[in-house]
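Before any questions on binding or motion, here is one chain by itself as structure tokens, the form predicted on its own.
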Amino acid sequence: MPDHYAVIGNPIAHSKSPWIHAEFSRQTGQDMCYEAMLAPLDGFHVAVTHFRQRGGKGMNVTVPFKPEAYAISHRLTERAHAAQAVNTLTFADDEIFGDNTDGVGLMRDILFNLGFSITAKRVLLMGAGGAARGVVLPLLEHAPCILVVANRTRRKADELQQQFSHRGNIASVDYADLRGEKFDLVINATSAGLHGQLPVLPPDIFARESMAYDMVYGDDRSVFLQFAQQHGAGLLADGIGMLVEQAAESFFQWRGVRPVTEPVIEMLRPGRRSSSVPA
């Protein structure tokens, strides 16, 4: 019998994870199966328990259950503890091991797939919710000159600044404070783009040869990336690479082998890689 894994969320029908992990298992010759599981909004813990009872080895966790996955984990990685959210569960005997691979997925995409260094750069992180919280520590571990967190509700940005101030140079602002500032890397971790909206950014926010990275992905270029292209960003990238890389990190934890991600990214989004914007 193949080992059994799943991604759990609500909604879940849109998830690319089953296809991604099928490609990983085919590529690496691993005997495993991976399914998508829809859990009731009030039934996450029950669904996980039933999956474990059926012999499940591990799960990926997506919206809105990452905080609940954090709560049920017996052991946590430092990055999961920092994010206060878990997207990867590993089951061993009577123990649940929780990790958050979102941040390492983002880092591997930016550093290795897109070839953009973060060290000594000025980085702007837009948003202070769950998506942002999961990537702050990995960003600081790569020693940017400064990491600025901007959020419409300043209090949430301040909370992140206070939580991570001992790990690196991090500041919190609201969007009005960004006038006159320029950044080498601007990351959109807000959900505004899903509704065709964009936080109010100064048009001159992008430094020369800067990168604009949207953690959201879709068939069309996001509102944020359109804005970045129009206002001088040198490189554009969406979140497809992050999606594949965080899945690869989960796969590595479960199976002990790291899949090659580039062909999977290319199959999901031909031409999505970093591209120079015409002058």
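Each residue number is its position in the shown sequence, starting from 1. Quick caveat: nothing in here was measured; it's all calculated off a predicted structure.
Omitted from view is the form predicted in complex with a small molecule, to which the following refers.
Engineer: Does L178 reach the small molecule in the predicted complex if we count a contact as any heavy atom within 4.5 Å?
Structural biologist: Contact check for L178: no, nothing within 4.5 Å of the small molecule in the predicted complex.
Engineer: Using 4.5 Å between non-hydrogen atoms, is G129 touching the small molecule in the predicted complex?
Structural biologist: Heavy-atom contact with the small molecule at 4.5 Å: present for G129.
Engineer: So in the predicted complex, is the small molecule close enough to A189 to count as touching (4.5 Å, heavy atoms)?
Structural biologist: It does: once the small molecule is placed as it appears in the predicted complex, A189 has a heavy atom within 4.5 Å of it.
Engineer: Does any heavy atom of Q197 come within 4.5 Å of a heavy atom of the small molecule in the predicted complex?
Structural biologist: Although the small molecule is absent here, Q197 would touch it in the predicted complex, with heavy atoms inside 4.5 Å.
Engineer: Taking the partner as it appears in the predicted complex, which of 71-79, 90-98, 145-153, 107-115 has residues with heavy atoms within 4.5 Å of the small molecule?
Structural biologist: The contacting stretch here is 145-153.
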